[in-house]
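Just the one chain here, the form predicted alone, laid out as structure tokens.
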């Protein structure tokens, strides 16, 4: 690990105040990345430099800066070098643990499993899982919905993307392994993900278990003669441009990669959606009316019907603006990067922060107000919950489909309210993922027949 202050500071980019005795801002960044990045922007403006535990990092905020970063080639701004802390989770030979040319081919394999015709197949599966979840709820009760959505989205994602036989072979061990992977994606890992740390030891053990579980399922599929129409089949049948197939280790890594990313995005977005629906009953009533109307026109609520939900879509869009799951989109500068009259030297990191960018009042008036009726942003680089450019998250459409279909099922049958004072449902970041406070308890009550 490099030592603080070993790289030259940029002469024209303001340096964030409040560094510790070692000259680093790492302790403050680790405590709550989103809050630190908000402070850095408020103090320094569009560009702010800080010391991330020995890695000089330049925060760039706003659509113009974000577009410049997203349009830069990988040979100049490397995502892979910035995200090496994800390699123990996804595995060698997959995404950030693979050469860029291989990763791009793997992204195309993901895309094959997320085409519109496959999404049509996924919608009823998500509905089935949500219906099974609420079947035992009874007339009323309380629940930690963050944990509930985390469990549900593991099941929906697995059922849709890896098939029913995989889904129904799930054990508590599978869910626990994903929990241990998520707990290890903390701010300190961005500097040293190889540290001797209990969370990282659990991460490595969990990744080994997941790999074994997935590879055992691959072996069973190869031994059988059934045809499957899911993402696992896509991985098993796909070839690279040289004609070779993915290895079993790579297939396992692809599964973990997609499931990990989609699970956390969907679970966090669903939890925040329920909190804000309960906090804003006036908006909830509008969405319930929209959902009831859709059921009247299409009792099955197929994929095409789900695309006709402007109120629900606006609500989710506002959730992702105000509560974006990921708040540190990073690149390592490989070749000096020029932006306006600034030069960001090779060896430094560049960081984009959706949480900060989504609060720029010139693009989002009164940004702290939750408003699902905000108009769509005309500048695509002003709204970046899933990143942007060629590296925009390939699973964003599936994540939104999950949330929409889950809430159609929930709001069709139940009403929800906060179990505690509204101001106790706050943002916390025990990892790099922004989530609601722990526990996230809400009350539910069965809707009365009209």
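Given the structure is predicted, the values throughout are model-derived calculations rather than measurements. Residue numbers count along the first chain shown, from 1.
Below: the form predicted together with protoporphyrin IX containing FE, not depicted.
- Residue-level contacts in the model of the complex: of 386, 381, 26, 407, one residue has a heavy atom within 4.5 Å of protoporphyrin IX containing FE, and it is 386.
- For the residues 272, 149, 258, 315, the 4.5 Å heavy atom test against protoporphyrin IX containing FE in the model of the complex is passed only by 258.
- Relative to protoporphyrin IX containing FE in the model of the complex, residues 145, 182 and 439 are all farther than 4.5 Å at every heavy atom.
- Heavy atoms of residue 167 never reach within 4.5 Å of protoporphyrin IX containing FE in the model of the complex, leaving it off the interface.
- In the model of the complex, residue 399 approaches protoporphyrin IX containing FE with a heavy atom inside 4.5 Å.
- Residue contact check for residue 62: none of its heavy atoms lie within 4.5 Å of protoporphyrin IX containing FE in the model of the complex.
- The shortest heavy atom separation between residue 104 and protoporphyrin IX containing FE in the model of the complex is within 4.5 Å.
- Across the options 358-366, 129-137, 306-314, 327-335, residues that bring heavy atoms within 4.5 Å of protoporphyrin IX containing FE in the model of the complex belong to 327-335.
- Looking at 385-422, the residues that come within 4.5 Å of protoporphyrin IX containing FE in the model of the complex, counting any heavy atom, are 385, 386, 387, 390, 391, 392, 393, 394, 395, 398, 399.
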